[in-house]
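Have a look below at one chain only, the form predicted alone, in structure tokens format.
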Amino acid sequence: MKVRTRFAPSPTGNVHIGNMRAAIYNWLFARHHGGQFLLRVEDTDRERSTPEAIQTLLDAMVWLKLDFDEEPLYQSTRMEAHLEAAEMLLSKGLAYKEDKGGTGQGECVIFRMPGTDSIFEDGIKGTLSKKAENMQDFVIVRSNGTPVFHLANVLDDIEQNVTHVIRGDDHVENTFRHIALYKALGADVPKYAHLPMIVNAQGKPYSKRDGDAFVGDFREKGFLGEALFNYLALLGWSPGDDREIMSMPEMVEAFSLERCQSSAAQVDLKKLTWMNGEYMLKLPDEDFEMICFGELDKAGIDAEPEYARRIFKLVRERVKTVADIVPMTGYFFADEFEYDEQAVRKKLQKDGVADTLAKVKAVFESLEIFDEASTDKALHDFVETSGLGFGAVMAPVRIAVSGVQSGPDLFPLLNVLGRERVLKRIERTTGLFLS
């Protein structure tokens, strides 16, 4: 049997990370077994399934490098086949019509449950069963003549020859219904595996109220697609060792449903940020530079290329997301940068700081060579001879030249800025806050 899995989202303009994690697991399972991964767009909600919403879905899959085999199947093209199947079930007495609720608005088609206990082996949760008396008949065609999810989903899985259905455990109850439908339709029942829910710190389903919940949010916040893929893959699955940073081929090789946890998986955005930083570090220099130049361009910063490349090297190890780039580098490109008010208040506006900066400025002016080594030695010598503490000198200098009290090591920072910028910035700072 050739493995065939599918991702069957209903495009609404946003793709929740829970849905995308299901897509990732289906993709990994299919690729691990040398099978096929299919896309089905369940676009029967014509109001929300707009071309723009569908494109958002496809863009998210491209960004995460979730390639699929065969052309996507659009559920809206299959309505005739869905209704024909409903008529067949009616003709065999496996379904019946009823004015459900006595509304007088027309008859629904109701699937008749077989009246027997149901049991199946879940690929993650193990043996699941349900008593016949706890399974009620259910609607498969609405009174307006449109097929319900249950019928359309099963028929389209049959049409696509899906062998394994891997989806969220909010579908467990649906699966008992779907198995009955498969048997009534005379089709082979696929193997099912239900993934644990993604939850917040309180154990409740993770939503937009908890922070970024859609794939597009993470992309806009500066995360890399490879990092989000890696993080979501490990949100409920483990390779069985201590690995956390894994390439897609490594995940394909290691993936198995047996190593998926059955309990809920809690989102940890700090871990995702750390993981993204590791991916940023692994980028080839030219790719990192291209991303940086793109961010500067979006921010309207016209950067001299060689100067900019020196800055990118300086901040690279500190960049965790693409969104960090402009905030971390902006002051390099504008002498009229803003100052951190708390840093100014705590470190600059203190007795003696104006005199300290004036003396440091004089030291820098006297240097024959202005580079990392010379400024390092000069400031250390100044600290020693002045009797001032190291922090009492370095912190005011850093804030004077950058506006903030954290960032790259001070001496490489001074070297990249160059003597002229450093002297002008110390003078500016003194004039603004210490005159």
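Only a predicted model underlies this, so the values are computations on that prediction, with no experimental measurement involved. When you see a residue number, it is the position in the sequence shown, counting from 1.
A second form of this protein, the form predicted together with glutamic acid (GLU), is not displayed here; the remarks below concern that form.
- Checked against glutamic acid (GLU) in the predicted complex, the candidates 329, 230, 118, 153 yield a single residue with a heavy atom inside 4.5 Å, and that residue is 153.
- Proximity to glutamic acid (GLU) in the predicted complex, defined as a heavy atom within 4.5 Å, singles out one entry of 350, 100, 183, 171, which is 171.
- Looking at residue 149, you'd find a heavy atom of it within 4.5 angstroms of glutamic acid (GLU) in the predicted complex.
- Although the partner is absent from this view, residue 167 contacts glutamic acid (GLU) in the predicted complex, with a non-hydrogen atom inside 4.5 angstroms.
- The closest non-hydrogen atom of residue 18 lies beyond 4.5 Å of glutamic acid (GLU) in the predicted complex.
- Heavy atoms of residue 14 never reach within 4.5 Å of glutamic acid (GLU) in the predicted complex, leaving it off the interface.
- Across the proposed site, 403, 425 and 427 without exception lack any heavy atom within 4.5 Å of glutamic acid (GLU) in the predicted complex.
- Contacts to glutamic acid (GLU) in the predicted complex (heavy atom within 4.5 Å) from stretch 7-46: 8, 9, 10, 42.
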